[in-house]
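Just one chain is shown here, as structure tokens, and it is the form predicted on its own.
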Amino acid sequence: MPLLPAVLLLVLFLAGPIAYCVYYAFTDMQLTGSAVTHFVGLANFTKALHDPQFINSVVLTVVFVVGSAVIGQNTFGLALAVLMAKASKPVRQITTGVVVAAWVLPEVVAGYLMYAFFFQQGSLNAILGGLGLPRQNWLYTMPILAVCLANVWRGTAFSMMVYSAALDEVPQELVEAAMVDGAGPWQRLWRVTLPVIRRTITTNLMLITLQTLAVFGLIYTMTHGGPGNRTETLPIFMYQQAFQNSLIGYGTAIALVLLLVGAVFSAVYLRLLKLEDD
């Protein structure tokens, strides 16, 4: 009985809206136009599976998550954490401040900054021009690469902080024993440090994957999903269908698919954690 108020609040503010959204996904609800809503079963999901734009969005979402989170944020975060562990205190404080400043920025602000960096008359082309290198219209010729790099720039701080905390827990006795045995820096990292922090790596991968799946404001501010549909990830596609094309039912079905993609990634990471425990 003491937990009853908490359970009621969870049902009212969490489970209730989720259940209502699940119901919307099986209807033809529209934001404008028809005032009558019909139950259409799996029609929205069938429509999505036969929609080339939806397939394109799924592929771009996987590319964005793998490129910017699994490879970009994870690798740079680990590299920065390792380098910061050996850096002097002033260097560590300055670097940490710069990296964390990008992380605390709202997505829209970070998106405008990255747009100013990558657009045709932006900072990146000014630097390339000053070095005598050819300029590019990055947001037109390589838009998915530009948004991936923007997400790496914004989100690396989280991985860096997670790995910095994990590296502090690596027993120095193991590192010193490896040094006595003649192991170099790369061998100590590969054979000692990474095996010790492998659970942290898996947990960090799961968290940044789920964060990246939900990225909307950064991409929308930089490209609006364009040019064409070349940066139209699932959150962008869902927004366009639900609020620009007024297809609330179809947009909600896409949201459920996005939830399923996140669940698949989470299941893989949890399976890896379980295998490590066994």
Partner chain sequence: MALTDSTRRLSLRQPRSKPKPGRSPAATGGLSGLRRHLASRLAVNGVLLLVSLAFLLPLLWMLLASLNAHADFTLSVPSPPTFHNFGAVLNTTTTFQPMLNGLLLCGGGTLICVVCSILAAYPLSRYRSRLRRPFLYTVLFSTGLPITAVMIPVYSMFVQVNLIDSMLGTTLFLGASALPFGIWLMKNFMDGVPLVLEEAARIDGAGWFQVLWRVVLPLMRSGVTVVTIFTFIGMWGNFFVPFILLLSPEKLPASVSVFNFLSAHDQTQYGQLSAFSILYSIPVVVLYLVLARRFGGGFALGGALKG
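Note that the structure is a prediction, hence the values are computed from the model and not measured. We call the rigid core whatever largest set of C-alpha positions still superposes within 1.5 Å between the two forms. Numbering follows the first chain given and starts at 1.
One more form of this protein exists, namely the form predicted in complex with the partner chain; it is left out here, but the text below deals with it.
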Answer key: of 83, 133, 71, 194, within 4.5 Å of the partner chain in the predicted complex (heavy atoms) is 83
Is residue 172 a contact residue for the partner chain in the predicted complex, using a 4.5 Å heavy atom cut-off? no
Flag residue 214 as yes or no: does it have a non-hydrogen atom within 4.5 angstroms of any non-hydrogen atom of the partner chain in the predicted complex? yes
Would residue 39 show up as a contact with the partner chain in the predicted complex if we use heavy atoms at 4.5 Å? no
Contact label in the predicted complex: residue 114 to the partner chain, heavy atom within 4.5 Å: yes
Going by heavy atoms, what in 93-115 lies within 4.5 angstroms of the partner chain in the predicted complex? 94, 95, 98, 99, 100, 101, 102, 103, 104, 105, 106, 107, 108, 109, 112, 113, 114, 115
Taking 2 Å as the cut-off, check whether the CA of residue 180 shifts that much or more between the shown form and the other one after a rigid core fit. no
Taking the rigid core as the frame, does residue 261 move its C-alpha by 2 Å or more between the shown form and the other one? yes
Is residue 10 among the residues whose Cα moves by 2 Å or more between the shown form and the other one after superposition of the rigid core? yes
